[in-house]
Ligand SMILES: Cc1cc2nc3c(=O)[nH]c(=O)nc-3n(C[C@H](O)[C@H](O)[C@H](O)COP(=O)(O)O)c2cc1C
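Below, in structure tokens: the form predicted on its own, a single chain.
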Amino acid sequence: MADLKTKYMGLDLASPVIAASSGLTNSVDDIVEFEKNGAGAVVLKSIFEEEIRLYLERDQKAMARNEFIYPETIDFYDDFASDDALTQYLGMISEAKKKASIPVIASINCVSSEKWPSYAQYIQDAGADALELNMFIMPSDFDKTCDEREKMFFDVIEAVLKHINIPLSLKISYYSNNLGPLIQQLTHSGIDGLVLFNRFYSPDIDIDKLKTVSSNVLSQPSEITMPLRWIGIMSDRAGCDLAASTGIHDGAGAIKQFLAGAKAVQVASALYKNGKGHIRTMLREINDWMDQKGYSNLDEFRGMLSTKRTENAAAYYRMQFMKHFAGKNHAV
């Protein structure tokens, strides 16, 4: 039986499969059930910056009621539209730490460093083992340059680190015209972990009802290629642990990310499709593969196929299908 223990952000994990932030990680019972099914850690369903700011400023009535609310917040309000939502969140953390032994990672969805970072200390005091900041800055603000948008990451990290001493991770998207250097700089910014990548709301159009609707809510296995590319490129260059997210639906997907250099994987869509017990299935698949290959622990093969260790590093950098489409009947 292979040893599937790993360290992520300095935390000891019994397994490298983490239940990602989602509606499935929204109660103490969920956390306990994930532990029973072998999850190494659980990332709680995110609370949103806007809700924290409203909570902290409620007594001072400093926030105008017509202030712009980010679209992502609407789903949050559907489930947490109550004045004591954040108190309940802190209570869930405290109760979870009494009933489960796996690390409980709180999550905040944020887009700025204004006014709310002090709340991170309440999360720490409630007993959270770590904090994950989920940041997706849509490149559709025509009043900000790329540098200005990316500076927001560092502003938030700096502000939050003033209030906590538990491990801090950042979950980002791949929207950047300078992604490699940005990832490298972020991993040396004081954070303990970087998660590649978050998924976000995707619009579609219903041509019969003539309205915009959501699309592709759950990831597909084919989406693993984007985080796999960047884990492979960055794992030898990073100044903190890297976790892979999006498109990881089975043990084989997790193994690919470990071979590229990931310390852990985060899973959500596969759990929606197959239930919480799917983590146990993934772990069995990982264990069987390791036994077949003769590996006794994850470190024996982690990063074996990163860009600095594989014989085919060019595969991570290649952008065109030269091999597949080059031929007498195809122009390159």
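Keep in mind the model is a prediction, meaning the values are calculated, not measured. Don't overthink the numbering: it's just position in the shown sequence, from 1.
Although not depicted, the form predicted together with the ligand is the subject of the following passage.
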query = So which of 213, 217, 138, 146 reaches within 4.5 angstroms of the ligand in the model of the complex, heavy atom to heavy atom?
reply = 217
task = Sort through 272, 289, 301, 55 and report the residue having a heavy atom within 4.5 Å of the ligand in the model of the complex.
result = 272
task = Choose one stretch from 158 to 166, 112 to 120, 91 to 99, 245 to 253: the one whose residues place a heavy atom within 4.5 angstroms of the ligand in the model of the complex.
result = 245 to 253
ask   = Would residue 39 show up as a contact with the ligand in the model of the complex if we use heavy atoms at 4.5 Å?
value = no
query = Applying a 4.5 Å heavy atom distance criterion, does residue 229 contact the ligand in the model of the complex?
reply = no
message = Please determine whether residue 20 contacts the ligand in the model of the complex, using a 4.5 Å cut-off between heavy atoms.
response = yes
query = Does the 4.5 Å heavy atom contact test between residue 153 and the ligand in the model of the complex come out positive?
reply = no
inquiry  = At 4.5 Å, heavy atom to heavy atom, what parts of 264 to 281 sit next to the ligand in the model of the complex? List them in sequence order, or say none.
reply    = 266, 267, 268, 269, 272
